[in-house]
Each structure stands twice: as structure tokens, then as C-alpha cells.
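As C-alpha cells, one chain now follows by itself in the form predicted on its own.
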């Protein structure tokens, strides 16, 4: 029963609300940078609700089962990983062996669901976007995993998120160490790529291939994809906060400090989004497999050295 509670209340309701709010923050800051007023607070919610009421069209010739199930698979994975993160943050003793691995695995599924939906639609633009999403996933996943490995090494090799949080409560946040600082710097561009935001919005690239993998989606399917991306805007920074910034403490003034950690990471993502042009897929591959991976390897080595 408690697991269903975490899935419904924390995994879905709380995460969806916070994800939609952070989406509004992102859009509002972007608008102000461009000297626009920006949307009202509930605009992200209005967008999702409006899409839910639209007709759900399936293109002729599409692989029907894969096309329909793709957004459900991606959305479900975000709900489960969010519930795991909330569970570990609220009660570290509830963590289980290897939940770090489970979270890393589940965070790849949203991208895989987008790839699956794009190819299943049989649209040339969607297939091109899905191909780009696949290449981008291959590019950023290695440095992302290496960066996430640093807190594991620093905590004595524990693959339990709860034990990583407990270690940080005793020894200080991972980001206070040299290896942790470098790993967090590596994590930031990989977060940008996982969210498919500029400069790594290559799979969607509206000016080139319309909406890329999601060009054929409408109604509920598109609403689930949009809500999934909004929720990821909270879930991925939340995961980074747990690994590097000692999580969120729900006690008095510490709640504001915990919220500030998430907001700062999202604000940083927004600043990067508004100050950089889109890169090509080959440039993204060279960037992640080159300097970013080298930095991640250096962070891992420094962590093994105890630095």
C-alpha cells in the first residue's frame, strides 16, 4: 500500500505539479530574457489539459501498438523513478541494494520511448528525429553515468541512494570535494541533453524537422510526452541534488534551502538554453565523447584518490 501511495502522491501528483511549475519558471525566464511578458502561472497545466481533450490520431501505416504505447512507457518510467527518488530522500533507510542502477536505467527509458514513437510513426521527419535522439542518447549517457559514479565511490562504493545521502549528511555534500565539483559540472550539460533543450534540442529542432519524433502525435499521446518532459525538468535536477547536494531536508528553513538547490539547477539550464545556439549532432557527439567524458574520467580518478 505504501508503494502505491508513493507512486500516486509523490511519483505522479507532486512531481507533475513541481514539473509544471518549473516549466512555467523556465518559460517565464525565457520570456523576460526576450523582453516578453511570458505565460501565466497555470499555462503549462492548461496546455496539457487542452491536449488531453484533442482527438488522438494515428497515422496510416504506423506500427499501432508501438506508437500508442511509447508515451505510456516513457511517462510510467518517470513516475517510477520519481517515486524512488522521493522515497530515498524522505526516508533513506528504505533504499534497496542497486537502486542507483535502477534510477540510471529508468532515466534512459523516456528517450527510448521517444525513439520508439518516432520510428513507429513511419514519418520521415519523425524517423530523422528519432535517429538523432538515439545518437544523442549514446553520446551523453557515458559521461552521465561516470559523473553519477563519483558519489558512489566517495560513499565507499554504496549503490544505495539512501546510503549516499546518509554519507553526505555526515561528511558533507559530494559537491564540496574536488571530484564532486568536476562531476557536477559534467552532469549539467548531460542534464541539458537529457531534457533535449538548446543547445541539444537536435532531435526536435522545430525550424528543421518540426517536432521531430513527436510530429505525428496529437491528443493524449502528445499530452503524455509533454507532461513527461515537464516532470523530467524536476526529476533529473532532483536526482543530481541527491547525488551531489545532500538532497532536500523537509525541516523548517531547510525546505527553502532544498528548494533553492532545484531552482538554481533549473535556472542554470534556462540560462544555457537562452545563451547558446543549437549544435549539430556530430558536434554534440564530439563534445560529449571528448572533453565531457575526459572530465568525467578525471572526476572518477580523483574520487578513487579520495579527493
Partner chain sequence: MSIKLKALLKSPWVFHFSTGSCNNCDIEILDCLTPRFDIERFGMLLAGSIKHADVLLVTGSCNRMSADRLRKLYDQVPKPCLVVAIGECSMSRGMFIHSYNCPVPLDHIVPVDVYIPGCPPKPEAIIAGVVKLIEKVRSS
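Note that the structure is predicted; figures quoted are calculated from it, not measured. Positions refer to the first chain, counted from 1.
This next part talks about the form predicted together with the partner chain, which is not shown.
Peer 1: Would residue 51 show up as a contact with the partner chain in the predicted complex if we use heavy atoms at 4.5 Å?
Peer 2: Contact check for residue 51: yes, within 4.5 Å of the partner chain in the predicted complex.
Peer 1: Is it the case that residue 217, even though its partner is missing from this view, gets within 4.5 Å of the partner chain in the predicted complex, heavy atoms only?
Peer 2: Answer yes; at least one heavy atom of residue 217 falls within 4.5 Å of the partner chain in the predicted complex.
Peer 1: With the cut-off set at 4.5 Å between non-hydrogen atoms, does residue 280 touch the partner chain in the predicted complex?
Peer 2: Residue 280 lies outside the contact set for the partner chain.
Peer 1: Residue-level contact is defined here as any heavy atom of the residue lying within 4.5 Å of the partner chain in the predicted complex; does residue 57 satisfy this criterion?
Peer 2: Residue 57: contacts the partner chain in the predicted complex.
Peer 1: Within 4.5 Å, heavy atoms only, one stretch in 193-201, 180-188, 219-227, 162-170 touches the partner chain in the predicted complex. Which?
Peer 2: It is 219-227 that comes within 4.5 Å of the partner.
Peer 1: Relative to the partner chain in the predicted complex, which residues of 36-54 have a heavy atom no more than 4.5 Å away?
Peer 2: 36, 37, 38, 39, 40, 43, 46, 47, 49, 50, 51, 53, 54, in sequence order.
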